[in-house]
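Here we start with a single chain on its own, the form predicted on its own, put down as structure tokens.
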């Protein structure tokens, strides 16, 4: 049983144990390592100032695959077997790397708090591909905010730096010595403990699913962590972590995507980045929504099961999963069972999960080419914003009549709502403007929205009606999809 983490930071080996293993990565870098180039501003994964590059073993097992993520909402216990590169680690022999130099040349920095995050995000883009166009650059920087320089000089820097010779991180930090260290301990059972002020904290980080279920059976109230994009925020605001944690990051069996027999099967900890790539072909309409889901730093670590288990009525993925009748595979020490996602929520944050159970797989039927499917997300900001309203409308036609209708709304009640009365009304009706106007009236009677900071109840009732009209115009008229 190993009682410490093993990771590398800018090529330097680190063993982390005790209380330090429960620190956020940003705190560990700044407080323990003195690497203060990583800035902390929002502590919520929104601003990107704390962006670092995390290298995990690639499929070839001969190199690292580096992804940018928000270090303020990543914990050390999630990072066993990784190589962390900070903004300080990009410079060699006192010479700025091309991205850093481009920011200087293009006057892309004033106060400097956002600069390291932009540099790391742009470096991450160049790790994935040698050149980027402006659209790819803008998309890659949606998780980074600047409030003094303005984005024009930063975008100019991004477009300029790709013209310079970029030394890839694999050349800067040869992977073989680090991978050899990780291979030696890869199969170790890992349990981390901290004792402070009389309180004991424990994190179990297994490599086998059976070990995870064994720990969960013994600790049914343990908090399950995969991406930590939610618990990381809560921990930063409350300044404490739960006493027992089950971390899933080392369980390879929970990360997979398979398209077969008309459905997409994915492991519980499959990231949104992986799913975005898969759905671009399997269900482009869902991929369009996923493109607005968080930002790259969030999508690289956030998981589908985490989004489901968090049980937020404004979770962006849920309306699609509801109308597609997704199946959740739940596992415990005593066995497995399957639950339709429409039966998984019993109330606000009340789940079908029993003590000791874990979501291990999600099976999503894919829409056929003959189906009509539209998804909607309404928020104050286009990118990296929490939804104020979400919806999914799926229909099959037989001639001029509606053969099947599935409609789900988010942010109109304590859970995502299937509009059953509206669905029943639509079956057999022609898909006309008048039909959808009546359906909108019925749908409004089914929802129970509240007033909050993202919108009033009346605003959400109007959106409930309007998305059905918009669906009609998009599928039967000439309204462009926006």
Partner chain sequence: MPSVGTTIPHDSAVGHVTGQAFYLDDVAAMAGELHVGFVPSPIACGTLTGIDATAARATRGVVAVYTVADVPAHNVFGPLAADEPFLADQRLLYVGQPVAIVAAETREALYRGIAAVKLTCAEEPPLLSLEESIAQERYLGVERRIARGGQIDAELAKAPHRLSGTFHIGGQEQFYLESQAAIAYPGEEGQMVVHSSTQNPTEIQTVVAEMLGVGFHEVVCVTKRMGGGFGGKETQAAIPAMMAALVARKTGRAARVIFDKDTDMISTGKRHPYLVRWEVGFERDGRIHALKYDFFSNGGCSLDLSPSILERTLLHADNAYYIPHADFRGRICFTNLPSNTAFRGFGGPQAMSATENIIESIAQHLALDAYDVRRANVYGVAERNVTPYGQIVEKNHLPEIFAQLAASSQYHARRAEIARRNATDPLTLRGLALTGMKFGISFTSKFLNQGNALVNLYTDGTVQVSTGGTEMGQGLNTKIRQLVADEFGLDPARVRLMPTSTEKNNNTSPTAASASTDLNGAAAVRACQQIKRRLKKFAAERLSDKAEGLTPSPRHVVFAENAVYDSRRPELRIAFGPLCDEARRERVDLGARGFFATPGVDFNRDTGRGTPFFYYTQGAAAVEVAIDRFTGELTIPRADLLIDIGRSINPGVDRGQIIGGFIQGMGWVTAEALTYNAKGALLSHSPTTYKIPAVTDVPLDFRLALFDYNDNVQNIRRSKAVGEPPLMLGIAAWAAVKNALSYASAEAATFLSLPATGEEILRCLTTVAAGQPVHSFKGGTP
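Bear in mind the structure is a predicted one, so any value in this text is a computation, not a measurement. Residue numbers count along the first chain shown, from 1.
The same protein also has a form predicted together with the partner chain, omitted here; what follows describes it.
Q.
So in the predicted complex, is the partner chain close enough to residue 336 to count as touching (4.5 Å, heavy atoms)?
A. No, residue 336 is distant from the partner.
Original post:
Just to confirm, residue 128 within 4.5 Å of the partner chain in the predicted complex by heavy atoms?
Top reply: Residue 128 lies outside the contact set for the partner chain.
Report task. Report yes if any heavy atom of residue 410 sits within 4.5 Å of a heavy atom of the partner chain in the predicted complex; otherwise report no. Result -> Residue 410: no contact with the partner chain in the predicted complex.
Margin query: With a cut-off of 4.5 Å between heavy atoms, is residue 46 one of the residues that contacts the partner chain in the predicted complex?
Written below: Residue 46: contacts the partner chain in the predicted complex.
query: Pick from 377, 363, 160, 166: which has a non-hydrogen atom within 4.5 Å of the partner chain in the predicted complex?
result: Partner contact (heavy atom, 4.5 Å) among the options: 377.
Considering non-hydrogen atoms and a 4.5 Å limit, which listed residue (189, 340, 196, 281) is close to the partner chain in the predicted complex?
By the 4.5 Å criterion, the partner-contacting residue is 196.
Item to complete: Can you work out whether the partner chain is within 4.5 angstroms of a heavy atom in all three of 111, 115 and 156 in the predicted complex?
Response: Spot residues vs the partner chain: full contact, yes.
(message) Heavy atoms within 4.5 Å of the partner chain in the predicted complex: which stretch in 148-156, 301-309, 391-399, 352-360 meets that?
(response) Contact-bearing stretch, as computed: 148-156.
task: Scan 259-284 and write down, in order along the chain, each residue with a heavy atom lying within 4.5 Å of the partner chain in the predicted complex.
output: Contacts from 259-284: none.
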